[in-house]
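The chain that follows stands alone, in the form predicted alone, written as structure tokens.
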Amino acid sequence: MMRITKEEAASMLLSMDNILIFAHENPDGDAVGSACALCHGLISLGKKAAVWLDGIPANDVHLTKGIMFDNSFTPEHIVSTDTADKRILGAGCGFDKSVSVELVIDHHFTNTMYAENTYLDEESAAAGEVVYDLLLEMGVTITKEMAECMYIAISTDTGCFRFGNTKARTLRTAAALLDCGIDAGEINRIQFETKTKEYVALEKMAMNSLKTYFDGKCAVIMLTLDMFRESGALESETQALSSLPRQIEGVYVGVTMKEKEEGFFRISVRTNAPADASEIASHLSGGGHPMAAGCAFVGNKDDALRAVLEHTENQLKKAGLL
């Protein structure tokens, strides 16, 4: 397991062919956008490459047009993007999580170095930003199609450039992508301002479930299977819900608990400084960034909530907030 430089990662990719690209399970815009941009870049260099992504958000499905793996070649190299831990690798096409990943391209400082080679840039706001630098290093001419993929990746992980991970470098990269001819206004409208009626119904139920703890410093919303059934909303529509609890005045830790199946929960943690989301998630075998992290829990709703609150309380105390 080796950490490598951008130049070494570029050299590796240039030496490969028949490349299959994965990202993490339940891929968000950064996972989809970074994987698809990398794929398009490799194809532009004359290589056979494809992505495999499952559970793609509806607004991002179009990015995979023509590049989803269709068995037209036999994969010889496995690459992943935006995936910090092999336990959340969204493998498919006859592969599972035990597959040997030759190269991972990531920006999570919590990356477990599970791949044979890891190109990690923790200073980047998104994996899409890492891929942008890598494509340039490889001599790829950035097309409008690639630019849209990477803009969606970066804007997703920065909350449309509102989060603290947005740096001057991030904005310069976004500006370069706009220079490729993408319509950022329309992309932003679709990504951040368009909601289905089903999602609105689910959001209302989610907000009705909201409870606060520790003198209002923690807020939790719960999405149950019954809510999904009643609203008709798709899980791929729910990414925006993760940020809602943190937006409440006085809240330092916002938690969204999503029941995926009976006895299994996906948990998103969003924090305001000085609370650290990654520390909370790490105690539940998860990880992420200081302001945004995630984990999973096997058990009933009460036990899941109890576990999250225990580690949230410890984090609030550690941060001097309790």
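Residue positions are given as counts along the sequence shown, with the first one as 1. Quick caveat, the model's predicted, so the values are computed rather than measured. Rigid core (definition): largest C-alpha set, two forms, superposition within 1.5 Å.
Omitted here: the form predicted together with a further copy of the same chain. The next part is about that form.
Only one of 164-172, 222-230, 74-82, 114-122 lies within 4.5 Å of a further copy of the same chain in the predicted complex by heavy atoms, and it is 164-172. Taking the partner from elsewhere, no residue among S15, N26 and L134 has a non-hydrogen atom within 4.5 angstroms of a further copy of the same chain in the predicted complex. Proximity of E193 to a further copy of the same chain in the predicted complex falls within the 4.5 Å heavy atom cutoff.
In the predicted complex, a further copy of the same chain lies within 4.5 Å of some heavy atom of D179. Mapping the unseen interface onto this chain, N208 counts among the residues with a heavy atom inside 4.5 Å of a further copy of the same chain in the predicted complex. Within this chain, G94 is remote from the site of a further copy of the same chain in the predicted complex, having no heavy atom within 4.5 Å. For the stretch 254-285, the set of residues having any non-hydrogen atom within 4.5 angstroms of a further copy of the same chain in the predicted complex comprises only N272.
With the core held fixed, D179 shows a CA shift below 2 Å between this form and the one not shown. Core-aligned CA deviation for R270 between this form and the one not shown: 2 Å or greater.
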